[in-house]
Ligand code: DC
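Below sits a lone chain in structure tokens, taken as the form predicted alone.
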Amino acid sequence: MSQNIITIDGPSGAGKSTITRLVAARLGLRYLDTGAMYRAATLHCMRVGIRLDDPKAVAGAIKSLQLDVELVQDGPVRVRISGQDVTDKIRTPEVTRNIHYVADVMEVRNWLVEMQRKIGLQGDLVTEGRDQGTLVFPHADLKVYLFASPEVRARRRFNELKERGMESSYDEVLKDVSQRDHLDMSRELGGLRKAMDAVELDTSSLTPDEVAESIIKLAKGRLAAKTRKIDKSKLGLK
């Protein structure tokens, strides 16, 4: 299941989406943004009009979610709900603040993890999220854990919202980042954790290109080692 699979996990704002897209494009692999899937599930529940703090209501609402995820190499994952493109709509601050309600529901997480694993069956994938290397693809060829200071991540998120024309203040974004860190690390289901065999990369003072190139170098090294191991196996060598 883990043929040519790279997992990139880390907290919100560490640069996962941008860097994962770069790595996928340069290595010719597919790109999966699992956070977009949870955002889509959250948007769906918000549209249905249920109480998001009611796990049973969320579990019931998710049964009617018709989710389609289109993987690409050189752009954001395209997400559709019931055939409607919601790629931009799932990125609002309101959706961000409500994700934890939906992501903490076991039925939602189990359904999306199964969906992610089915996508991974084809291999040739770079996938990012919080639990890709620990839960979804524990046998991935390369696991990377990205991180940066809360202040740096808040600044990135603030600039991203500003570019999209969404009004917010840096202090509000920093507060949201800190709260989300606490929620992500303390949740029982799919909490943010670094895999024991993951490579840690601090992105605070690095450009996306620098981080991507570091990961690409690691990936090529792992692939070369994997190829040598397969060749030895075919020759009956240890």
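These figures come from a predicted structure and were not determined experimentally. In case it trips you up, residue 1 is the first one in the sequence shown, and so on.
Another form exists, predicted together with this ligand; not displayed. Remarks below refer to it.
Looking at this ligand in the model of the complex, is some heavy atom of each of 213, 217 and 220 within 4.5 Å of it?
Spot residues vs this ligand: no contact at all.
Which residue, 146, 142, 125, 103, has a heavy atom that falls within 4.5 Å of this ligand in the model of the complex?
For this set of options, the contacting one is 103.
Would residue 44 sit within 4.5 Å of this ligand in the model of the complex, counting heavy atoms only?
Residue 44: no, not in contact with this ligand in the model of the complex.
Although this ligand is absent from this view, report whether residue 34 comes within 4.5 Å of it in the model of the complex, heavy atoms only.
Output for residue 34 is yes: heavy atoms within 4.5 Å of this ligand.
So, residue 156 and this ligand: in the model of the complex, are they within 4.5 Å at any heavy atom pair?
No, residue 156 stays farther than 4.5 Å from this ligand in the model of the complex.
Could you tell me if residue 180 has a non-hydrogen atom within 4.5 Å of this ligand in the model of the complex?
Yes, contact at 4.5 Å.
Name the stretch, out of 162 to 170, 148 to 156, 131 to 139, 81 to 89, where some heavy atom lies within 4.5 Å of this ligand in the model of the complex.
Every other range fails; the passing one is 131 to 139.
For the heavy atom contacts within 4.5 Å of this ligand in the model of the complex, list the residues of 96 to 113 involved, in sequence order.
99, 103, 109 sit within 4.5 Å of the partner.
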